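Below sits a lone chain in structure tokens, taken as the form predicted alone.
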């Protein structure tokens, strides 16, 4: 399709009528740099949608007239950069097009008070109202499927997510991590105003944030006063420097795993922002659900796509059940069971087929633990207090550093109650029985009648949900996904979208 430039809202509306594709929308104010280049190219590589870049200097976002007039304008270069990096069309409206005089149809919005009252909102009164107003106007004109934004403007990103949520718009926000220049400072259209000495100041500021991030990994705490003292000694004019919860923008709490250290400084007439995310451990995804809901398949694919460690807690219970049966151990005798647990080792190893094998006491039991014999007894074994205590401790040891996706029946409630994303994956009895019947790895299930399988699944559900210790229940903050009628890939994509919404891209790198 021919690349086009659209300058009038009427042209945009007419163009959209004949477009047979969803739209990726990348809003900008021009003077494009490598950060915008990354946004456009990311949209291009993500899908086969039509990529539309807008270039519009929004007057409602500026604190004073002089700042608006001095905003750098490089339209010819912007057009070239956009098209060369994957834009299919560029929308360059005038102020009159976006805000027609005397047009009562224009909705002037107010940003979320909670999100706009901190950080930049403290001194830039009305700025985020202007952002919400122009973006809402553009979204209504363009009607995109995806909106691409940079995480450099983190507070703005949160406010626009809130806008889309409150206005109930069917638009997905896709973000990219802060893009930095050769000297480590965040790319910004305002960097052209910096003198050589001013650039050194912002470099020192950004470097101190990155040092604080490195130190936080080791010490799990931040010395905010110490950082401010170092910056002040270098004559860095600090507007604010705050350690906050990354999504509420309230003061960070001790129990927060992820927080944000965000600041703004002034270099001459130029105001610049930067931030880093602080993390005590890598993120954890907890996926719970009943037998046959597809947890294992989904979890393995998510682990592979997100490059996380896959923790199959169900396999641990099955492996232990297998050992107890094989060794003819009377697991009802508490003292004997405790002595045996002391000498048990369960590990996971990747095999040559990129799958994960389960070993108990150095014996590979990957295939054996999927038999109907194990399925019929594992719920009883897993309900034993000593067994659960032992395996939960083992699972928590594996998850101490995070960076895992774990599946089971009590992951979000008992094992990792502080997981960043909790999913409760389920499906109807009929659907789960059909899946178990067609599962080539479950040889015993293939030989059973479908109705018999349904009865066995119902029995397993009852046992799992009614056991005294760590029963199968949905965590209060878990997101339920019913998988009937959805392909495995659709479920995986849904969970990855939820993960992207919960976890900043910078942390995922």
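Positions refer to the first chain, counted from 1. Since this is a predicted model, take the numbers as computed values, not measurements.
Just so you know, the form predicted together with pantoate (PAF) exists too; it's not on screen, but the next bit is about it.
Put simply, residue 135 is close to pantoate (PAF) in the predicted bound form: some heavy atom of it is within 4.5 Å.
In the predicted bound form, residue 131 approaches pantoate (PAF) with a heavy atom inside 4.5 Å. Pantoate (PAF) is not drawn, but in the predicted bound form it has no heavy atom within 4.5 Å of residue 368.
Although the partner is absent from this view, residue 97 stays clear of pantoate (PAF) in the predicted bound form, with no non-hydrogen atom inside 4.5 angstroms. For the options 483, 28, 42, 49, the one in contact with pantoate (PAF) in the predicted bound form, meaning a heavy atom within 4.5 Å, is 28. Of the residues 156, 82, 206, 293, just one reaches pantoate (PAF) in the predicted bound form with a heavy atom at 4.5 Å or closer; this is 156. Residues placing heavy atoms within 4.5 Å of pantoate (PAF) in the predicted bound form fall in a single listed stretch, namely 20-28, out of 496-504, 5-13, 20-28, 483-491.
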